[in-house]
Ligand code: PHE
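First, one chain by itself: the form predicted on its own, in structure tokens.
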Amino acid sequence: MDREGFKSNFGSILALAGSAVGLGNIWRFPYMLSEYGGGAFLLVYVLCIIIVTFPIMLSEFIVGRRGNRGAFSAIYHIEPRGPWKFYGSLAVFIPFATLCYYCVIGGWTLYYLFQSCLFQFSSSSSPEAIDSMFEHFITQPVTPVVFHGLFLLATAIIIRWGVRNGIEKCSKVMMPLLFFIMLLIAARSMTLPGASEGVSYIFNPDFSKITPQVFLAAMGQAFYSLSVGMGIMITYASYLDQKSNLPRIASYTIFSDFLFAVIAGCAIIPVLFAFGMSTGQGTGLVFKTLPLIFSQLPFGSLIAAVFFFAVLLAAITSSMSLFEVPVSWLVEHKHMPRNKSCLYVFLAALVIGAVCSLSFGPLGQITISNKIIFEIFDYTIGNYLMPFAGFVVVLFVGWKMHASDICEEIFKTSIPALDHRCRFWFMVLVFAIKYISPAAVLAVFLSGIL
């Protein structure tokens, strides 16, 4: 099947890194660092992404490129028999459902960028006004929906341009710019008086704080941060050239995501220590605590504008990958033009996302287990659907695919043709895919249930 693909390895690496790097790196990773012991969590996190996440991501790469299809039919194309066909529907539903509520947060970011350009986070702004701004904004019936729609529209326009002219070209611009901006913010943060305590907290592990809970939290962060179990890596891998080195691309993707997470931690945690403030939790860290700090810094509105522009770039690079999966399904299986496919996905996500946004305000009385609609989406997808989908992929690659097919996809040669060194590492990798990764994913899945 003749399909559009990435033009270069560099562009594909940036696109894959952009999918992984997102809002979770900026607000969730610093919070996890603070909650689970700083350097102790960072050390365990490194072990998790090497031992657990790398085999899972490589498994999705293998399925995507070998199947030469999007997430919906890649596994079915490799193995049309058996119970595997159901995975396709799940792999399209997860990124689409995530897109609906993820773009709500993207809209918040766009709104805060707009507010920072209006000098709302300057020294003349009262702390009370800044602190109450977030709650006042998200509970409104119109403004959050409008900004959600604008963010979603920007994503749709990029995807409309296609894989090469849209995803790849934008990633080549956005990702280097994003890293540069966050490096500048991190450098400023770490040079504030008292910030050295925050830097020490990040990089000096206290081994007494390493517990089973820290391992589980680090594993969950690695799993969700790298977009595994969402069908995204399978779809993007189907756009890779057949000569692309899958282990190398997976390594670059994981390293880029890890590096950005550390930079984000260095940009946020030291400044919190410098001002003696709590890290907060979740979105409150980015949309409540940090704006309050920006207002106390010289040129605070300018720093806030630069920061929220970086957050916006991170959000868009991830929303592009979420948007591309359902569009790929419509193009490949419903034979729709890309224009029409983007329009349908945009309209559906706009309506469902609006409902998620309104659950903070007019629809807040609709709850299940004390969770509003937005929280139901986030909790169900993150704790149940994503781990289950990742579990299915590693089971398929580890137990259904032949080792010779895995070897051919990774090394482009047969197992007997491998030298002793490559054969050893191949056997280690197969063992990790068959045993270690499924056990780790199952642990994350059960942690969401228990």
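A residue's number is simply how far along the shown sequence it sits, counting from 1. Remember, predicted model here, so these are calculated numbers, not experimental data.
The next section is about a form of this same protein that is not shown, the form predicted together with this ligand.
Among Met230, Leu358, Ile158, Ala218, the residue placing a heavy atom within 4.5 Å of this ligand in the predicted complex is Met230. Only one of Ser73, Ser238, Ser225, Ser116 lies close to this ligand in the predicted complex, with a heavy atom inside 4.5 Å, and it is Ser225. Only one segment in the set 422-430, 438-446, 20-28, 6-14 has residues whose heavy atoms sit within 4.5 Å of this ligand in the predicted complex; it is 20-28.
For the chain shown alone, Ser318 is a contact residue for this ligand in the predicted complex, at least one non-hydrogen atom being within 4.5 angstroms. The closest heavy atom approach of Leu322 to this ligand in the predicted complex falls within 4.5 Å.
Looking at 86-105, the one residue that comes within 4.5 Å of this ligand in the predicted complex, counting any heavy atom, is Tyr102.
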